[in-house]
Structures are given as structure tokens and as C-alpha cells.
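Read the single chain below, which is given as C-alpha cells and is the form predicted alone.
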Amino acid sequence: MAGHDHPFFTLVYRAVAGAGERAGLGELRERALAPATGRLLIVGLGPGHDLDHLPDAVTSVIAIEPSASMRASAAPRIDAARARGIDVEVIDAFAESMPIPDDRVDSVLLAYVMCTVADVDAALAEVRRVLRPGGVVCVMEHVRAPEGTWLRRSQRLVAPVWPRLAGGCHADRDTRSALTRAGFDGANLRDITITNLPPVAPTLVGTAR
């Protein structure tokens, strides 16, 4: 979907994501993905780093990624996952309208994607539709900082320009509340701070069911 493709941002994000992997994000991805089992849906494949951290209980992957340059960037990791015996299907689609049957997946990964979707509620409604009853949503998302904090002030400061600089990212999405509205139980979600880059420092990690 060419209208959603930002090749320059893909180059920048690939470099930033690679540096983040070496600086501790890889361990965080592994922690977030640990509860995943069976057929896993990755919403927003990006450069594919999540594929490097799949637990043994994951047997196949369906990955949604509307950016052609991101899909190309992820190709080596897709090939590596397939070489390990994991069936990986990559679909050119948006989170708000996934061409996946109801109750098709056992687990879902939301990792640094809810900040960029155009309609958070519609995307989470789709997640709930395709997730089988009893399935788990693995979450690793930067989110809105608490009101009254300097991090929240920094998010407000950059809000007018951040989406243009960061491929459509909105640094202050309230993903916890959105998950609750969608009918998920977020009791196992935890708020942490993982980076010195103020707008995207507050992070939500854990599982929702």
C-alpha cells in the first residue's frame, strides 16, 4: 500500500530499532513475547526484529505490514524464521481491516504499532475478532505519560511535529485505556520507562486477555 510507505523513515527506523535491540530492547521483546503460543499474529511487522525472539511455543506467524519498504527490510528475518521451521505469512493490510477469519490466531503481538494506526479502537476490535477465546495479547507499546510529569509535558511539546518526524507515530496514545474499551483485561500490564528519549520513554509491557 504505497500511500502508507515511507522509505526514508524505514531506513531510519531500521537503524534505531537495531541499536535498540543491542541496548536492551531485544530482552524486552523476548519478555513481551514469552506468553505467545500457537499461531501468532504480529500487528505491524516493521523490520522484523520480533521474529528473532519467538518462543518455542509459537508454531506459525501471520504478520500484518502495510509498508512495502518495511516488508523488504524484514525479508532476511522472515527467511531466517522460515529456515527454523516457522511458517510466516506476511499480509499487506492495515490493522483496522485485517483479511483474517474470526478466531484464527492463538496470540497477538502489539509492539510499537498502536502509536501509528489511524483508528486505535477499530484496530483493537479487529484484534479481538481474530483472536480465539482464551487467547493472549502480548503488549510492548510506548504510551502517554502520567499527567503532571515532565515526560507528559515533553509529549505535548513535540505532538505537532512528532508524527511527521517519526512515520506517523503519536507519542501520547493511551493504549491501556483503549485495550480496556475493547474488552481486554489489562491487569497484567505494567508501566515502565526504558529509554532516555523523552517522548517515547513511558512504556506498557505485559499481557491482556
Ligand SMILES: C[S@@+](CC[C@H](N)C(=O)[O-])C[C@H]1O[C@@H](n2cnc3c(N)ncnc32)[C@H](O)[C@@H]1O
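For clarity, every value in this text was computed on a predicted model and none was experimentally measured. Residue indices: 1-based, along the sequence shown.
The form predicted together with this ligand is left out here; the points below concern that form.
This ligand is not drawn, but in the predicted complex it has no heavy atom within 4.5 Å of residue 33.
Taking the partner from the other structure, this ligand in the predicted complex has a heavy atom within 4.5 Å of a heavy atom of residue 29. By the criterion of a heavy atom within 4.5 Å, residue 70 is counted among the residues contacting this ligand in the predicted complex. By the criterion of a heavy atom within 4.5 Å, residue 113 is counted among the residues contacting this ligand in the predicted complex. 95 is the sole member of 95, 81, 131, 139 with a non-hydrogen atom lying within 4.5 angstroms of this ligand in the predicted complex. Picking from 144 to 152, 54 to 62, 41 to 49, 177 to 185 the stretch near this ligand in the predicted complex, with a 4.5 Å limit on heavy atoms, gives 41 to 49.
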